[in-house]
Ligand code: H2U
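Before any questions on binding or motion, here is one chain by itself as structure tokens, the form predicted alone.
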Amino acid sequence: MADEQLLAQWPHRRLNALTGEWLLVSPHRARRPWQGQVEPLPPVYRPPYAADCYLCPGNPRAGSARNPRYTSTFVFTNDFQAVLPDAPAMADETPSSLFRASGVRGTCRVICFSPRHDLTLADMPVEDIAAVVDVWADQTAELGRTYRWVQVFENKGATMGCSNPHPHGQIWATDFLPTEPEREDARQREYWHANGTALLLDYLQAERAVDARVVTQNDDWTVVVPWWAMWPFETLVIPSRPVQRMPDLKPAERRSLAAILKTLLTAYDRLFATSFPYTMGWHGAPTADTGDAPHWQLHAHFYPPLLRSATVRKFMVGYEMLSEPQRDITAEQAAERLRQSAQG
């Protein structure tokens, strides 16, 4: 690895080992981007129940659907699905190979994390977060029997395009392997064939040895700002032992995952004294009877956009869209900030 002092002061590129893509880092542009006045957003009041919320217990949704008066987690098929289970097959026959198309089938579900309208995952007790983890695992197991890819994710906050503040996430299951997990599958498979070990487990050991980017850890999980982090306070959540898919997690590992998520999400909220927006998603081995995949290691990505304060965010525009991702704050600086925030 390059000299740490050089990395902290001079522009350089870092390789994303999971995707094979490069990232430009420009630490000289903002060595201490959190200095200066930080103005948190004024608190927003949300009631425990909102009569006009289509996710609250007992409320109507689209059409004639109505939510039950649920008291814990609640899962339902999205009323406006992006993919459909009965979509027609499409022949890949076009006048030119430049106009290819392929039919897809799948389903989309919504997971209400809590009946309380005024909570986020960060606000929920560990026991209730553990119930959400169980739902993630159960839904992955169920949908994975039919579909090749099951994407569990959450978009939190209006900044990330979330139209309803009620605590919820989504699951999209498809009969194809999407682009990002396909890249991760190829890179992890290549590493396994070359080394006989899982890429992310070796990466985890290396991160623990260096310790510069570790945010928090317990017996079963580690949270790091990855070496190749693209978003300012991006994190990666990785289990300590080999785990290919979320349903493979043991009960104790699910409980410890809930605990470390509580720590991480609370740290995010403390960082700029605001309910931190992010996109979060789980990646595990493809499903639908693909069998053993020892090259895969389960992990979660957290992509939060905030950079300097509750109102200043990172935009992926210009050079990022036309050339490659770029960041000013280094992964090591971000990890130090998050460590401090996690400690309260």
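A quick note: this is a predicted structure, and the numbers were derived from the prediction, not measured. Don't overthink the numbering: it's just position in the shown sequence, from 1.
Keep in mind the form predicted in complex with 5,6-dihydrouridine-5'-monophosphate (H2U) is missing from the figure; the text below concerns it.
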Tell me the stretch among 232-240, 142-150, 155-163, 193-201 that has any heavy atom within 4.5 angstroms of 5,6-dihydrouridine-5'-monophosphate (H2U) in the predicted bound form. 155-163
In the predicted bound form, does Gln170 come within 4.5 Å of 5,6-dihydrouridine-5'-monophosphate (H2U), counting heavy atoms only? yes
Test of understanding: in the predicted bound form, would Thr174 fall inside 4.5 Å of 5,6-dihydrouridine-5'-monophosphate (H2U) by heavy atoms? no
Contact label in the predicted bound form: Tyr54 to 5,6-dihydrouridine-5'-monophosphate (H2U), heavy atom within 4.5 Å: yes
Taking 4.5 angstroms as the cut-off for heavy atoms, does Ala62 touch 5,6-dihydrouridine-5'-monophosphate (H2U) in the predicted bound form? yes
Just one of Thr222, Thr120, Asn78, Thr266 has a heavy atom within 4.5 Å of 5,6-dihydrouridine-5'-monophosphate (H2U) in the predicted bound form. Which one? Asn78
Single option in Val104, Val110, Ala259, Ala212 placed near 5,6-dihydrouridine-5'-monophosphate (H2U) in the predicted bound form, where near means a heavy atom within 4.5 Å: Val110
